[in-house]
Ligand code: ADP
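The form predicted on its own is given below as one chain in structure tokens.
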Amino acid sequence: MLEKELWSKVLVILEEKIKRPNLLTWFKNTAILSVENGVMTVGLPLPMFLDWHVSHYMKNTLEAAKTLEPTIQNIAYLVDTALNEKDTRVIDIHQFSEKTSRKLPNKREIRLPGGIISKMFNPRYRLGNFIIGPENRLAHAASVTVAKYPGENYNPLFVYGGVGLGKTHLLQGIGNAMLENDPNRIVMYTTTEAFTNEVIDCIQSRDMNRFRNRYRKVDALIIDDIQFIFNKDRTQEEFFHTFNTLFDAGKQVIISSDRPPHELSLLSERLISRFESGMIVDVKMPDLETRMAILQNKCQEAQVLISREVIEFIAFNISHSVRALEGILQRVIAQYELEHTTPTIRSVTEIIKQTQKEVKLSNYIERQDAQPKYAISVDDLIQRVSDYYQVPKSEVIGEARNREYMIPRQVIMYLAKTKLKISLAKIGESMGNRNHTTVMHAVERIVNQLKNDRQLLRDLNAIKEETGIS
């Protein structure tokens, strides 16, 4: 069996075990390079792929290969940065899992009393993709239980926490899970503002029965941000009776707030008493590791590769809101896609400064004084590019033929010639006494690769931004 055909069949098996976003991210531009002496060598396009494949996919990949070719007994990985969309060895990863590639609708249509169809639940909010950490483990576990056994355990469920920490994700995730378990359930999600507006409309139209029929005949009522009901006496009255009707009928009530019930002093005591009769859980800001996991998960969903160093920098500095964390990442991804620039600490710093002015950055030092922004010599450029690719400078200017060193080496020569306008002879001398023909070949190779290699283009743009080369 040819290598490309074998890899295609391996990917078909892997798609049953690996989530589509992960498959698209980590198996893009990969290929089988050889199968010799019982060893299947898999080519990876970037050094950052190596640890992830060994840690997460090596076992499943080997098992899949063995089922197709029993002679294969081991797997090896080789970083080959020449692998890209135009390489004939590469499989088009997007051809797999077409049945799951359809975009999800913005909102899920659900049935309400009176035959009304409503789009209330965002299908992207699922309990399964809620990243769990020590600070929200109990809230998530309670949500899973309520979704599985509505009206039986933890009724009401009261979820509280600050703005942007994931309360709405949990509430909508419960609703989606309930409907997946039983599509015939009537599950109502609303905000306190929408609930209040409906009360007002029905009072004005003198048709409170319409309101009561809508809210008191559901199997589960999910209401977000209950704290905003504090100065609305008639709304509190209607909610109190709605709550009692549903509770007495064994129906589930789920409520969120920015603070625990005992701190909602402006609400009536009888409402607070009802809230405190059930399960109360809080959602806090996730710790650093969980914040990093959230960002990595979002990167996989967006099919974008961002270095662990950048992910950790964002997670370290945005520690007050998950919503702000994801907002920064969206800006970073937009820059990655629109400007064809690989995110760096410097570029992310500028985004945080623009959008999160109250955040005081940590683990970042302005280096303009100690290290000039502009790379004015080949030696300076060598150091900057080596730092960017996280490889030793000695290997870059040395004789090693590994691709993880050759790409930075060629990038340095290309930038030194095309941007710094340094002679081929001078570049060769700085790069380990190489001759001008070697330098010229390296420059030509980068020029040709840039025609098809979008990742290389992003890396070059990021390096130019970091060094101040235009």
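Being a predicted model, the structure only gives us computed values, none of them experimental. Numbering starts at 1 and runs along the sequence shown.
Omitted from view is the form predicted together with ligand ADP, to which the following refers.
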Next on the checklist: Can you work out which of Ile131, Met292, Ile93, Ala82 has a heavy atom no more than 4.5 Å from ligand ADP in the predicted complex?
Outcome noted: Ile131
Next on the checklist: To verify the annotation, which of these, Tyr125, Phe211, Phe247, Tyr336, has a non-hydrogen atom within 4.5 Å of ligand ADP in the predicted complex?
Outcome noted: Tyr125
Checklist entry - Can all three of Ser143, Gly151 and Pro156 be found with a heavy atom no more than 4.5 Å from ligand ADP in the predicted complex? => result no
Next on the checklist: Partner absent here, but in the predicted complex, which of 267-275, 160-168, 396-404, 84-92 has residues with a heavy atom within 4.5 Å of ligand ADP?
Outcome noted: 160-168
Checklist entry - Does the 4.5 Å heavy atom contact test between Arg323 and ligand ADP in the predicted complex come out positive? => result yes
Checklist entry - Gln252 near ligand ADP in the predicted complex, any heavy atom under 4.5 Å? => result no
Item to check | Interface membership of Arg216, ligand ADP in the predicted complex, 4.5 Å heavy atom rule | outcome: no
Item to check | Any non-hydrogen atom of Asn176 within 4.5 angstroms of ligand ADP in the predicted complex | outcome: no
